[in-house]
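Encoded as structure tokens, the following chain is the form predicted on its own, with no partner shown.
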Amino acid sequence: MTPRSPVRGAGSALVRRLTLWIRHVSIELQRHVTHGRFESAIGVTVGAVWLGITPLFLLCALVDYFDGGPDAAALLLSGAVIAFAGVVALWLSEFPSALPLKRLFAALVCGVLAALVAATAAHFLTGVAPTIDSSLAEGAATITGTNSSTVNPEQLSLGMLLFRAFGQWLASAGLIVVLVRIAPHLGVGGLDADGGVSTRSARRLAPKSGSTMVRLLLLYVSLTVVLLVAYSLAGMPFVDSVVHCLTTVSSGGFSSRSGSIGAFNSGAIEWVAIVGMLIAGTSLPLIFRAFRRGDLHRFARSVEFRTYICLVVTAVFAALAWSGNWPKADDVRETVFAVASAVSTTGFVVRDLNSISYGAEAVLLVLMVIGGMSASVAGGFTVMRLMVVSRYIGRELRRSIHPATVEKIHLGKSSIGEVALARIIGELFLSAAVILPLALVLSSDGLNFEAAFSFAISALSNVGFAFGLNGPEEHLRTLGTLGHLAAASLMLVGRISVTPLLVTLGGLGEPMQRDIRRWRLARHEKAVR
């Protein structure tokens, strides 16, 4: 008996039509705009980022104008300059026929730097941040989704408030593109519910990677709308709901209140934020597959998701046990909130973290380092890499007892190759090599050791809050020029990843290295003669 073909619903047909339309528009735009004389993936990427971010400037300028705010003209002017620069970059550039991995990483880094320039210009021209270094730190926090700021959000105009929130939301949307296009080349992806590598399985959600990106972006938009409705039903005002739904689903953490979520003093709002933060730390391909096929058991079958939830539960019990007192209902909710905020790298707070024990601080710092699941919008080292490293340590301990043992590292149904394993361990080593000297820089610019070390971890994991000062959000405000530059560097490295940045820097130094080698060779030949 011939099996019946699966019936596709209207939703699938709508997704296919939308995918085809977006692909057609992208091809036509590339054909008509990117026809320059220079083949440059960097130029195309920078121009696309600047031109793509221009509608945000226009939208926020209009909102601020009708709201009577002071930043409409500055936002419109900075948006016009960014748009002009983007058009020029696209007009001069043409996408190359071949794109080596080195140039792909360089395009990624330059695209992030282009977004940083746009966000920095908005903060500086509007006067939100009066100096270049503080504007740079604010711009880095916006595009990396880090809840660290030098300004009071209650003093911002509505236009800049929305610009910062939408900036974090769009940055995480761009991270989805990186997930599908670039993350597979890193070879350090995680596992989905079916045991496959999540960055590769994300590409298999549809026959082509463009269709996959559309599906994941539609899921991202849908989760944003759901959170908007949930915050509104929980009693949050509409503007605050818009800001917080954008910064929750993106794991950004910017708030419209100086006290973050705790300023609303509502248990219902806090529980909505907890659920939203945990979703932000969950793998997007896993969520897509589970809800599209109506198979919620996929979450239970995912080894990474089980580990993710176990980390959250264990951290909650550990933090409550270190408190020294029998916890009340409010204490449990606040502890769950702090754990969810740290592991999802969102950075929301509900109370002064100075009141928690040193043991709970250590738990939250460990969660910041780990971060969310792979193929999610959360930062950190990711749960999958933690599992790989732990299994690697176990294997090496067994090899020390049985040297002749030949053993592969397995996660779920998949095995981790030695190349991917080396890259994961290399990422961990390079992150440690970055965080230690920059923590010393932060310590030399006004922070005590506890504050500098915890803020360095928080910035590298794109969380935001830290310990050691009077408030969890006072660290960036305490720093000077050197500290702002160090903090911005940590945020960018945490979001981009160390490997693409070092590959790009190595590519910039290649011409000088070739000249040095030629000079040494010529000198050697003269000495021989």
Partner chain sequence: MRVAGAGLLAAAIAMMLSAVVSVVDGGGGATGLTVSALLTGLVGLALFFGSQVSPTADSALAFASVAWSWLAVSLAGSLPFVLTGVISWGQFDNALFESISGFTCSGSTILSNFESVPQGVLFYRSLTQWLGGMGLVVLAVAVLPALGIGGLDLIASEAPGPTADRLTLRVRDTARQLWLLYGVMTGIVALVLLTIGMSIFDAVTHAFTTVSTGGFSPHAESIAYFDSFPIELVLMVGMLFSGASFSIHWHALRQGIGAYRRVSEVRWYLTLICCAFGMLVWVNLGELGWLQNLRESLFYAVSLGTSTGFGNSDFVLWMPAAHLVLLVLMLVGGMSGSTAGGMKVLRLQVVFKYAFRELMRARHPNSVIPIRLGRTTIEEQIAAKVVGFVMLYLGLIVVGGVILSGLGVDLVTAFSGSASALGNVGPALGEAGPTSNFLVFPRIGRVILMSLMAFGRLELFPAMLMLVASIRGLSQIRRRRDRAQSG
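Predicted, not measured: the structure shown is a model, and the values here were computed from it. Residue numbers count along the first chain shown, from 1.
Only in words, not in the display: the form predicted together with the partner chain, which the text now covers.
The partner is absent here, but in the predicted bound form a heavy atom of Ser444, alone among Ser258, Ser444, Thr131, Ser232, sits within 4.5 Å of the partner chain. Between the partner chain and the residues Arg399, Arg351, Lys408, Arg292, the one pair within 4.5 Å by heavy atoms in the predicted bound form involves Arg399. At the 4.5 Å threshold, heavy atoms of Ala140 stay clear of the partner chain in the predicted bound form, well away from it. The closest non-hydrogen atom of Ala439 lies within 4.5 Å of the partner chain in the predicted bound form. For Leu502, a non-hydrogen atom is located within 4.5 Å of the partner chain in the predicted bound form, even though that partner is not displayed.
In the predicted bound form, none of the heavy atoms of Ser415 sits within 4.5 Å of a heavy atom of the partner chain. Just one listed stretch, out of 260 to 268, 102 to 110, 85 to 93, 243 to 251, contacts the partner chain in the predicted bound form at the 4.5 Å heavy atom level, and that stretch is 102 to 110. Counting a residue when any of its non-hydrogen atoms is within 4.5 Å of the partner chain in the predicted bound form, the hits in 347 to 382 run Tyr358, Gly359, Glu361, Ala362, Val363, Leu365, Val366.
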